[in-house]
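One chain is shown next in structure tokens, namely the form predicted on its own.
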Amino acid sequence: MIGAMPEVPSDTAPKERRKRLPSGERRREFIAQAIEFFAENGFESSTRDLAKRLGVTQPLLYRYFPSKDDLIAEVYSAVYVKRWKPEWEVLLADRTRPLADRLRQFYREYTEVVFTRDWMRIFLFAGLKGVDINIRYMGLVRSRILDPIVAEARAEAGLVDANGPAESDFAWLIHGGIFYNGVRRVVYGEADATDVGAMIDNAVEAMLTGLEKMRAGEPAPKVRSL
């Protein structure tokens, strides 16, 4: 037909505009992407690189997070604070069950959370960069895990006095061994690492036996390879 407009080829048709997300949803998306980004690239990477990865401008990113430190704080909260389960504190304090049973259940559930790529890599990258994620999380570990474990071990033994520093150090040693098993699996990719369940059973036995011997003034047993 004379004067008819030619059909526009599909590859030249206007592209659909990106859906505009509500502010809260966009913020959560940015945090999720930042977790993946830092786990992959470490904390040396710039917010400019992150914005490019997100497909947004750096000024838009700064509208949600005024500084890189603010963004890192949100990553810490999402990965370490919000993944902590309050019921774990109830579990560790439940004196109707033997402490060994409580510890085995706790560490099985805990390792399901921490033996993940983003958790491990962000923790290690933070240590290399000097970001205070490690220091803050170690405070959480001491107050919510290790001090309660030592206190419960002493209570089960009929002791009511304060925790000894040597006992806390020994609990740190065992907990660190469990953590390193996750590093071997997730970071180093050692598929032949000890079965998680067996590793936890060994660690719990070593911890409780060691604490008992230390209270009795005997040398703590050597920790089996974790």
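Heads up, when I say rigid core I mean the largest set of C-alphas that superpose within 1.5 Å between the two forms. The first residue of the shown sequence is 1; numbering continues from there. Small disclaimer: the values here were computed from a predicted structure and weren't measured.
Omitted here: the form predicted in complex with another copy of the chain. The next part is about that form.
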item	value
Which of 52-60, 176-184, 23-31, 65-73 lines the interface with another copy of the chain in the model of the complex (heavy atom within 4.5 Å)	176-184
One residue of 81, 138, 155, 93 in contact with another copy of the chain, assessed in the model of the complex (non-hydrogen atom, 4.5 angstroms)	138
Distance check, residue 113 to another copy of the chain in the model of the complex, heavy atom within 4.5 Å	no
Residue contact check: residue 125 to another copy of the chain in the model of the complex, 4.5 Å heavy atom	yes
Exercise: residue 213 in contact with another copy of the chain in the model of the complex, heavy atom 4.5 Å	yes
4.5 Å heavy atom contact, residue 105 to another copy of the chain in the model of the complex	no
Exceeds or equals 2 Å, Cα of residue 43 between the shown form and the other one, core fit	yes
Large Cα move at residue 68 between the shown form and the other one, threshold 2 Å, rigid core	yes
